[in-house]
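For reference, the chain that follows is the form predicted on its own, supplied as structure tokens.
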């Protein structure tokens, strides 16, 4: 369910669009959000939706484990060599915003091992509403919240909600059971984000991750044209 169908015409080029050998590198899209919002499930669904048309890989971030990567491996969403994990050893935002070296190394290793790639999805560990990705690491970022966290989350704002290139309100199928007002969440998100797009999503519904996958395709098309 779209709140807004508009997308920025082109993604901001945040880092060199080419590899050291001059070849075009993959677009990097980060997914962040609070614990339990459905980031890993969204990554898994995107892999299933896009794997037959794009060459893609995934980097997950957890503090002391490889739990998210192991989930993706169990679900067989991509061949094992296309999924890697970073153990941050600290708050998740540290490795996606402050010291991105481990993630950059993981990205470069994937491109060397299984490239050329079209798309790399980087999933943050669960964090709070202030979590954002460094523009030196990703070219666009998605922020995932869920209705079970409360329908006041869009009003609370924070950089993740207000500035991410795409906001995903996940688990809409749970709204009747947790007392969340979807219309209010949509209106509050629109007020907080202006023209930036929002998708309301249930991975259990018929549409599933289709709207987010379309957004990814649009970003990739714009990235390819610029690069």
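The model shown is predicted, which means the values in this text are computed figures rather than measured ones. Positions refer to the first chain, counted from 1.
Not pictured, yet referred to below: the form predicted in complex with a small molecule.
Partner-proximal stretch of 168-176, 154-162, 187-195, 47-55 relative to the small molecule in the predicted bound form, 4.5 angstroms, heavy atom: Among the listed stretches, the partner-contacting one is 168-176.
Residue 182, heavy atom within 4.5 angstroms of the small molecule in the predicted bound form: Residue 182 lies outside the contact set for the small molecule.
Contact test in the predicted bound form: residue 149 vs the small molecule, heavy atoms, 4.5 Å: Although the small molecule is absent here, residue 149 would stay clear of it in the predicted bound form, with no heavy atoms inside 4.5 Å.
In the predicted bound form, residue 115 touching the small molecule (heavy atom, 4.5 Å): Taking the distances in the predicted bound form, the answer for residue 115 is no, it never comes within 4.5 Å of the small molecule.
Distance check, residue 17 to the small molecule in the predicted bound form, heavy atom within 4.5 Å: Residue-level check for residue 17: no, no contact with the small molecule.
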